[in-house]
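This document opens with one chain alone, in structure tokens, the form predicted on its own.
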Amino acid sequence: MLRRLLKDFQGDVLAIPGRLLALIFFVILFFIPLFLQGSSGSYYLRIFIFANMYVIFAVSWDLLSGYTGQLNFGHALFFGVAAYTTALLNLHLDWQPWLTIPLGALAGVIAGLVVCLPALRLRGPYLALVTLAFPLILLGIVFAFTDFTGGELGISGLDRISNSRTTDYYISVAVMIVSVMIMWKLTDARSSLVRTGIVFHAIREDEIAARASGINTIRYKLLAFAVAGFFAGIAGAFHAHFMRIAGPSNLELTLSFQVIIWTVFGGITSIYGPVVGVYILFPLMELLRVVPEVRNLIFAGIVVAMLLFMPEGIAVWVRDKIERECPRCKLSNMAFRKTCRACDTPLYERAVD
């Protein structure tokens, strides 16, 4: 059994450059605290903790909007619902983060199912506009019941996840890696264990054809919204406990549009694209705080340049440079190979005299 797992690991990870780079990156994350000491180190760890939370948030949007095609402009709803839920449970019932964070994620699932109801009838820009309205509706409720929600000030004084910034970091890394791996497996169209990935692709490309093929598209759309709400809820609940506050900023439209920018920058419909997008853009924006006058201008310039020269996203562009897909068996190979490692099919067309 161990030998088979090792063989699968060598064939599915070590033989594919993109996955190998991802493995190296995730391993490096565990050693970052060793190089960050003192007050400045604590500040940089804080940036990485935020990046880990936003990675989960961005990947959940990619799963829903990228893979399933359900364009969601109000993804902050799931984030905010979970943040407020975990804050209320912690403050009023004195429940600890290990319990309130999963319950906040479940609240995100419920929010996802509620948002999915109009998605069963609407598509494209109409669905996007409806999802855009949900965070605004919840913000109105927050400001209407200030005694319960704290209004503009939010709900503060939440319990910390731990008493150590380093411990918070390791927890966020572990949760992020597990969450990303689960979502990657769910969306992997070539997986032999689950078929959700290929169904999500089918719904995105042509939902009517998918339904005509016998696929219960309603069930899979509900699944996509529930899964996206769950993982966005984990990010929102973790964010509330780490910041020790849940407020209107967790529901702002800016947050919903940020997650779209991160995903498109890294590469939509790829899972690893949002990871790359968040880890590049979020630390960059934090470091650019030293030049607040031109901070947004530099950020916009970088995003526009990427869209012009790498329209599919920076992660996808890099992957295409280091990998080559076999035209016969669709297996990924290292770019320097001339034939497929599995079926020995030529990877590059030969010149015709």
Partner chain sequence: MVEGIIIQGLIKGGTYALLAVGFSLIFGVARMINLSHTCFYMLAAYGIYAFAKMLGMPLIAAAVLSLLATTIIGILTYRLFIDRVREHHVTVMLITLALAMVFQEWMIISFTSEPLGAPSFISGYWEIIGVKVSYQHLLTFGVALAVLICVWALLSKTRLGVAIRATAQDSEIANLMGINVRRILLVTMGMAAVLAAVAGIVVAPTLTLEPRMWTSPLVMIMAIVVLGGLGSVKGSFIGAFIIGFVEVLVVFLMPGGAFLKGAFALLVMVIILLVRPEGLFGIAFEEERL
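For clarity, every value in this text was computed on a predicted model and none was experimentally measured. Residue numbers count along the first chain shown, from 1.
Just so you know, the form predicted in complex with the partner chain exists too; it's not on screen, but the next bit is about it.
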Out of the stretches listed (89-97, 157-165, 178-186, 143-151), which one is close to the partner chain in the predicted bound form, meaning heavy atoms within 4.5 Å?
-> 143-151
Give a yes or no on whether every one of Phe73, Leu120 and Val294 sits within 4.5 angstroms of the partner chain in the predicted bound form by heavy atom.
-> yes
Checked Arg244, Arg195, Arg211, Arg219 for heavy atoms within 4.5 Å of the partner chain in the predicted bound form; positive is Arg211
Among the candidate residues Leu307, Ile47, Leu284, Ile322, which is the single one with a non-hydrogen atom no more than 4.5 Å from the partner chain in the predicted bound form?
-> Leu307
Is the gap between Leu129 and the partner chain in the predicted bound form 4.5 Å or less for some heavy atom pair?
-> yes
Heavy atom of Phe230 within 4.5 Å of the partner chain in the predicted bound form = no
Do Ala174 and the partner chain come within 4.5 Å of each other in the predicted bound form, heavy atoms counted?
-> no
Is there any non-hydrogen atom of Leu113 lying within 4.5 Å of the partner chain in the predicted bound form?
-> no
Partner contacts for 250-283, taking the partner chain in the predicted bound form and a 4.5 Å heavy atom cut-off | Phe257, Ile260, Ile261, Val264
